[in-house]
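In the form predicted alone, a lone chain appears below as structure tokens.
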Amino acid sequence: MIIFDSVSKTYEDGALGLKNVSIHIKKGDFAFVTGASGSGKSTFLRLLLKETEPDSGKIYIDGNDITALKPSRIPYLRRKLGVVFQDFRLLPSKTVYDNVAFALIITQTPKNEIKDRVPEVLDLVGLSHKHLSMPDQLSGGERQRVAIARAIVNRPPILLADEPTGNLDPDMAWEITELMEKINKKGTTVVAATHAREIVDKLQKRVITINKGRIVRDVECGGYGDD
């Protein structure tokens, strides 16, 4: 599903992103990417999103070499990737329903299909009763649920999450993590970059630890470990 083959990235200011990283994340995996700030976690996700390019090595998603992808094909790649951020990134002037529907509108999904899929995904994240609410009327946990609904409404095979619980209290953080696990059990591959040691320790999923741009630990079922 996701393969990094000897991938290295150094930024123009000399900051190291990744150094000779090779890893395989299989279809249906739930993998945490952990490490200290500046370790390379965000670079890992940015490379998958084609927000930056590697200096060397190859990256494959679903058998396709995305390092060779033409710019015109990048939007089609991103349709395979649902993305959730720490700061939610909701459209403040749109309702919960319209925030989720927007992800379908920009991919020119037929209106009748939008009417079916938005309620379906809002039910999945437990927000059917909030469909007419505005983002500023929601709690942090509810806003992140909307962000997850928007990320998965196109039914992408991969969900990427960049510190998805970073702005939430512990109870809300655990609810969001349980929701991602529920989505994973439906067949979606989940890759979550996180500092949340207690969640990683509790969930006991695959843990990939990055330190100074290198993968220093990769366990199929484990806790956060040492940075």
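The numbering used is simple: start at 1 and walk along the sequence shown. Computed from a predicted structure; not experimentally measured.
Separately, the form predicted together with a small molecule exists; it is not shown, and the next lines address it.
Enquirer: For the interface check, one of 33-41, 168-176, 198-206, 66-74 should have non-hydrogen atoms within 4.5 Å of the small molecule in the model of the complex; which one?
Expert: It is 33-41 that comes within 4.5 Å of the partner.
Enquirer: Please tell me whether any heavy atom belonging to K58 falls inside 4.5 Å of a heavy atom of the small molecule, as the geometry stands in the model of the complex.
Expert: Flag for K58 set to no.
Enquirer: Does the small molecule get within 4.5 angstroms of any non-hydrogen atom of L16 in the model of the complex?
Expert: Yes - in the model of the complex, heavy atoms of L16 and the small molecule come within 4.5 Å of each other.
Enquirer: So in the model of the complex, does E163 come within 4.5 Å of the small molecule, heavy atom to heavy atom?
Expert: Contact with the small molecule, yes.
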